[in-house]
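For reference, the chain that follows is the form predicted on its own, supplied as structure tokens.
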């Protein structure tokens, strides 16, 4: 529930698509220290409807022009939920206007754009966070703490599989106009973030990435099934599988010298699923991970610190995606 002891961070929603309406705006409504202030859409009616449905608090909550939205002196921050290829320009404009930025993943479609975004926010003295909501799944968070504390011994390997079956290639991610990757951008970037989150503290940076990418079903420019094999400085390894061609159980596995953790159906929107470790069932309270990430961003703005995933880490994720699919 919102915290009434301090003025909430006023956030504008940039874009009004499915995730913005079903997950992000409701998360802002629930988050302590945050408030949906205004909305940007290409369509004025859609902006007004979205603002009304999600109770945007600004006296003038609906915009079709980014510059006009950013000119509002009462606005603190933007949440960028537009198509991937639009993120860089919108982020840099927001930074130049002195607004903090929370950006959906992947933060850009090139490593160069990701670096430009990070530099613009650092230069302007505003916070830049990247929205990897799976870090706020309570079970994932519990086991990340355990892994970092050595509960599994020396981390040796991690595996993440997240796939879906699409009926056709009509999704914008399948085409190059405003996207660069398909399954890798929809869910693979999350898989990569989970691997880096769990393994980097003890295993060091990723030193080698070997991709296998297929495009045989729809024969478009973007990945349909992608397998990524990763090696870390320590010699530890990881593998990621994403696809838009088949339904399968969503699964994450962590293996160390002294234990393991198996995650079933925990990847996704709802903070649910089942986790079993070498010690048995791991109980956790299901909670909306989107609310967690918004609360962290709002707290970061108030406290003058980086959010959980900052621009540099988001840019490294994009650089690895770019390496996987040149």
Ligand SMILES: NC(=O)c1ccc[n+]([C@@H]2O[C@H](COP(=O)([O-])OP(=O)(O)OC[C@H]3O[C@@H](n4cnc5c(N)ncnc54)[C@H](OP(=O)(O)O)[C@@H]3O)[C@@H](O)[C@H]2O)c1
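Since we're looking at a predicted model, the values are computed, not measured. Residue numbers count along the first chain shown, from 1.
Just so you know, the form predicted together with the ligand exists too; it's not on screen, but the next bit is about it.
Contact with the ligand in the model of the complex, defined as a heavy atom within 4.5 Å, holds for exactly one of 194, 118, 82, 243, namely 82. Note on the partner interface in the model of the complex: the residue among 140, 222, 100, 105 having a heavy atom within 4.5 angstroms of the ligand is 105. Partner proximity in the model of the complex, defined as non-hydrogen atoms within 4.5 angstroms of the ligand, places exactly one of 27-35, 66-74, 40-48, 276-284 at the interface: 40-48. Although the partner is absent here, residue 91 sits far enough away that none of its heavy atoms falls within 4.5 Å of the ligand in the model of the complex. Although the partner is absent here, residue 127 sits far enough away that none of its heavy atoms falls within 4.5 Å of the ligand in the model of the complex. Among heavy atoms of residue 190, some come within 4.5 Å of the ligand in the model of the complex.
The ligand is not drawn, but in the model of the complex it has no heavy atom within 4.5 Å of residue 317. Contacts to the ligand in the model of the complex (heavy atom within 4.5 Å) from stretch 117-140: 131, 133.
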